[in-house]
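Just the one chain here, laid out as structure tokens, in the form predicted on its own.
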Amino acid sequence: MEKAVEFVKINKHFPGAHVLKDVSFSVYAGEVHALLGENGAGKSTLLNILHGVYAEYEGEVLLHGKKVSFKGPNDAIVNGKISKVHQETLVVKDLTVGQNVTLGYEPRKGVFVDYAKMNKDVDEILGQLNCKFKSSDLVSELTAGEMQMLAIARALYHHSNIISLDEPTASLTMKETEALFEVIQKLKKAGVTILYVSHRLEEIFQICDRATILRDGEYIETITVAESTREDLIHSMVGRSVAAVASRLKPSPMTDEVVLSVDKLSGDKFSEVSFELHKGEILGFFGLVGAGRTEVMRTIIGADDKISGKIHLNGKEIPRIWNTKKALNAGIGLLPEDRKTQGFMNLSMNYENVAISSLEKYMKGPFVNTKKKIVNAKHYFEEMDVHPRRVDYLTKNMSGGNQQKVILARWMSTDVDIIIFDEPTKGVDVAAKAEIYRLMEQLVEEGKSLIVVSSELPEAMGISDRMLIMCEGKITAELSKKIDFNEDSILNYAIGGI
């Protein structure tokens, strides 16, 4: 069979991280080929190399037997006839469907856009896709599924013969998903090669011919889907020792005392979430992309509004009007997933970022006592082994792991009793990870309670006393460390299994 895409010994490095390690495999022309792996396995990085987003890498990419090296996504579209349909469809809602499909590549009549030809060409493609909307319709009136079809129409407009779909059904209804699968089968019959990324294994068995599994940036295997089971795929995706990544060094100080109780909490992207957090406990939340974990945490601290449900702190229900300041005063802190935009002030020095959530401690009359801020920051920098040991250094210039320590020092300075860690070691090197795990153990020893949201299964299993597994906005399992922690079954619950 003809090979449409070949990856030959692909290596990709980011500062402090070897993200792809000698990845080699082939995709046949006209097949639907799944790319599988846990979050952080390297799937997106590999696709970004294929589509020219990352031009700097080691190894070779071959299209139809010829080596290519694209300078950017536009180069890949024009010269490689290769397009990507993103999970979050990129559209300009104030423009028409036709304008979105042809954006940047509009047909011209002299110096003007030829709208008649544009609408005719796009309507032809929409007809092939069995779409009920037209080129002249406004994008703002389309459903999420229709926007996904628009993105595929855009790829066909460029006459792409290789299309990658990244979590294409994440925001689609069941009916829209069925329509999408019909289109994929139609494209396959027309000889178009599809690279399909999804965490929903039932979709892989329904639509894909073969699947390649990546784990920690390494190629594991390529399998024929029809000859495999769900268990085979899960084992291939997980297959590594938890102890080697994260583990507890001290006995758990968890008690029976409940410090936080959440009862049937519902928000925009989750529903009827219920759980309890105990004093001295590290409670792990695991799930795949889009499971709703971050949204639950943002609602608990008042950053997002709840739709329904109750939250109790130390036995008392939180007031109807709830925001992040009230949560802080009540003793809850959050280390956000996106630390660079939500975790600290970009133009401020370390001592200012450490003090920002507890300014009342550093007041001298109506004035702020900067010396007190500096002394406080120095104390935590020593205790947490922050490098460089300079409190007057811009936080944005620190490494990821040390930025995380600065944010942690900020919450430790506030004396909060409950700290929520959302992806605490994202983009952090191995040494810094180990230090952050040890700090977590120190915090629970001091009587604090932690919630750890993690997409890294070994991390969640290694550090947690209990685990809650989420899938598509709901809790699908509650697991006790001593009895129930098992990699395959946890991933099964995260994918929606029972």
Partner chain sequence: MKNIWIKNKRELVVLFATIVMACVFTALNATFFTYNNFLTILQQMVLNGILAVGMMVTIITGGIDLSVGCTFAITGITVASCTVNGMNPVLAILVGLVIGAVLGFFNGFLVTNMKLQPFIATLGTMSLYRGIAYVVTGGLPVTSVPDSYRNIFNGKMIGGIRYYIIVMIVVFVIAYILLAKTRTGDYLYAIGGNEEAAKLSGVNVNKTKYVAYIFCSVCAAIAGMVMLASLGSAEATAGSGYETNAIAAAAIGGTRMAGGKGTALGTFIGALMLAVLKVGMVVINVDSFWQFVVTGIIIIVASYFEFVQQDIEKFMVRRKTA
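Positions refer to the first chain, counted from 1. This structure is a prediction, so every number in the text was calculated from the model and none was measured.
Below, we refer to the form predicted together with its partner chain, which is not included among the displayed structures.
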query: 4.5 angstroms heavy atom contact with its partner chain in the predicted bound form for residue 175; finding: no
query: Exercise: residue 270 in contact with its partner chain in the predicted bound form, heavy atom 4.5 Å; finding: no
query: 4.5 Å heavy atom contact, residue 158 to its partner chain in the predicted bound form; finding: no
query: Proximity of residue 249 to its partner chain in the predicted bound form, heavy atoms at 4.5 Å; finding: no
query: Triple contact flag 336, 342 and 359 to its partner chain in the predicted bound form, non-hydrogen atom at 4.5 angstroms; finding: yes
query: Options 381-389, 299-307, 254-262, 275-283; stretch whose heavy atom lies within 4.5 Å of its partner chain in the predicted bound form; finding: 299-307
query: Residue (of 140, 224, 346, 130) lying close to its partner chain in the predicted bound form, criterion heavy atoms within 4.5 Å; finding: 346
query: The single option of 324, 399, 185, 79 touching its partner chain in the predicted bound form, heavy atom within 4.5 Å; finding: 324
